[in-house]
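The chain below stands alone, shown as structure tokens; this is the form predicted alone.
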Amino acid sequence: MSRHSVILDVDTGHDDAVAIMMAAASPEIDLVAITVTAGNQYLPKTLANTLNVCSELSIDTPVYPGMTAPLLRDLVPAPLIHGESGLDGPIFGPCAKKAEKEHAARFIVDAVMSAPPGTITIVAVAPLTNVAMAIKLEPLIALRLSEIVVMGGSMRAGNVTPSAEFNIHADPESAAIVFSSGARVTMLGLDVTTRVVLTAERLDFLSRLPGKAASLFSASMRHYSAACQKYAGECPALHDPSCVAYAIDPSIVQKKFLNVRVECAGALTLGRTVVDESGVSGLAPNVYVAVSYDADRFWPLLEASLLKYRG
């Protein structure tokens, strides 16, 4: 597999932190930048979490702060799962990492427009506010990107409401902009990311690996697991890392090219990704929707990533 350039867009909570570890360690990914938005928590917290993870693991990728709130709405964060810091659990030492001065959306535009067409992929594991703002600033980036990989949405049930997944529900207008932009968009929704389940046995095994990343993973995931058990009654899914694994090896996913629209007004269905599986709408396909995920192939990728930080 050839190495390709990736911008990782995050709202760093627990599974974002693992996504950062994986992307920075992967020999298949040239991690150009990490862009940060509000989502799991407010931007000062998600930015601090991102910088702390990078500092702890000596990840030298530049970090760009972005949007402080959804385009048209107030932010509703997720403290029940991710805690008041957005990354409760790990204890970080002094942070040696500094954020860049340039705004994330502006950076995305400049990076994509200055690179050869089709060479940069955005892996967006947060509300799509940064990506949508970049597209509004320069719509041509949609056609110059190789792909936008989205952790978000669902073909069926949601996780923050019966209809909607958290990232899309947090900023449905931004999701609508991205999905209708003309970019090659791949949506990894709850239908597939919930198959990547961190059982207690897997957590114990991965926690015993040597190195700083495994220690950080253990501290982060033990809090995440406890919160998911308390509030959802289930082991956590590694939603965001599953998208990085797809960027490393796209064959891990099977997908269909379908029409997807985002509900931005429904009283009961706000943030729902309306996926036309049967073609009944007659509308042209616009999103590659993941319909299956080989979770057995995810775990060796994660383990290999954690072991990269042994030194």
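Residue positions are given as counts along the sequence shown, with the first one as 1. These figures come from a predicted structure and were not determined experimentally.
Below: the form predicted together with beta-D-ribofuranose, not depicted.
Residue in contact with beta-D-ribofuranose in the predicted complex (any heavy atom within 4.5 Å), chosen from Asn159, Ser146, Ser215, Gln229: Asn159. Contact with beta-D-ribofuranose in the predicted complex, defined as any heavy atom within 4.5 Å, is confined among 135-143, 196-204, 237-245, 97-105 to 237-245.
The candidate spot formed by Asp15, Val125 and Glu165 lies fully in contact with beta-D-ribofuranose in the predicted complex, as each residue has a heavy atom within 4.5 Å of it. Taking non-hydrogen atoms only, His169 never approaches beta-D-ribofuranose to within 4.5 angstroms in the predicted complex.
In the predicted complex, beta-D-ribofuranose sits within 4.5 Å of a heavy atom belonging to Met151. At a distance threshold of 4.5 angstroms between non-hydrogen atoms, Met155 is out of contact with beta-D-ribofuranose in the predicted complex.
Contact annotation: Asn40 falls within 4.5 Å of beta-D-ribofuranose in the predicted complex, judged by heavy atom distances.
Taking beta-D-ribofuranose as it sits in the predicted complex, the stretch 180-205 comes within 4.5 angstroms of it through a non-hydrogen atom at just one residue, Leu190.
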